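Single chain ahead, by itself, as structure tokens, in the form predicted alone.
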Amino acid sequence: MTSLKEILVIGGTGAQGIPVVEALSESKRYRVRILTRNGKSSRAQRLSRLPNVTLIEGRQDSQDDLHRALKGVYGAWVNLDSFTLGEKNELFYGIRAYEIARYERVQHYIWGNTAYALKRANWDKKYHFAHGDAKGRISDFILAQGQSGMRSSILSTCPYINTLVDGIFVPKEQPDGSFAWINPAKKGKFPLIAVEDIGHYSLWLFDNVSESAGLDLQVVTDYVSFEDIANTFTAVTGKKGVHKSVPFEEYLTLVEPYPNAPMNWFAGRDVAQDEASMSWRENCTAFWHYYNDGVNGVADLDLLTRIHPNRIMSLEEWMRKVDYDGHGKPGTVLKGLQDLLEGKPMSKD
């Protein structure tokens, strides 16, 4: 029997990581090692029951733990938790994780990325949001090292379509039974990705190294405005959906986790801050500007369909697939929110 190649997944209990672990396990071509801070968590335990999946306890922000986790594996899929680590720590540990993988002789390294907004916007600070720019800088660093010695691929995602259920895109039910999306968006088309498909794209990157080495694969399901979202919701559910664009100050007051929250608020209220730290409000404002103004560009949808012919093709298809009803289900998608709801210390797995 041919031995299975082992893949370390960092971020395996998160929104993206779960479908990645499931896809690798289901393929029966790989063994999976998940780095997790808490091996007894409900998400970690559920994943550990999948075929060829094991857990290794440790932290993303520990160089010793990264060495232990990366030692002896064929490949690595790495998605660090921006909203716990913060911009500076993610930048340091993102680079160190790559360097440690080189030292441990990993053969194929996939970095979970999102928009390097500041660079794409020609360095306009209006569009600098920390969780995108940290990942983007690391992506550039990784690709600049070339493909000799260790192959590398970039998986660039965008806002999750699933945050219509758990996160910043959940509508509010109104007294008349309608559902309202109240935010600063105007007419801009937002790219959205169904996390359900991220596992297939990641599996393809590992399976097709001759094509995926050096590739920045930008994945998206659909491009929609919030008026599109409201209209699609009405068409799918029969319930009235509306979008109301409001000034930033009104929106931020409605959704800020708590007054003066830092960008990495999942780390707790006592997280260290300094002059370089971005507030949740600053990060959120730049995020909305960036996607609403269409700075991100358009992905190669034909390539995505070739890679994943059965991908979810549209917002409407996703809504019908998940029986979307407009109601939020906190903690079902975003791990940080689940930890908060369960009253657990915020983790970095």
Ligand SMILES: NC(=O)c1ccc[n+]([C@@H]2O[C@H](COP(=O)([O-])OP(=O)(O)OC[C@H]3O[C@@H](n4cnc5c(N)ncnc54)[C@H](OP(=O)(O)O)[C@@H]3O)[C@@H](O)[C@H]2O)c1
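Computed from a predicted structure; not experimentally measured. Sequential numbering from 1, following the sequence displayed.
Omitted here: the form predicted in complex with the named molecule. The next part is about that form.
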Assert contact_stretch over 22 to 30, 318 to 326, 53 to 61, 297 to 305 against the named molecule in the predicted bound form, heavy atom within 4.5 Å, equals 53 to 61
At 4.5 Å by heavy atoms, is each residue in Gly94, Ala117 and His289 next to the named molecule in the predicted bound form? no
> Is Ser279 close enough to touch the named molecule in the predicted bound form, meaning at least one heavy atom pair within 4.5 Å?
Replying inline: no
In the predicted bound form, is there a heavy atom of the named molecule that lies within 4.5 Å of any heavy atom of Pro159, even though the partner is absent here?
yes
Answer for Thr221 alone: is it within 4.5 Å of the named molecule in the predicted bound form, judged on heavy atom distances?
no
Checklist entry - Can any non-hydrogen atom of Thr84 be found within 4.5 angstroms of the named molecule in the predicted bound form? => result yes
The one residue among Trp204, Tyr109, Phe190, Phe266 placing a heavy atom within 4.5 Å of the named molecule in the predicted bound form is Phe266
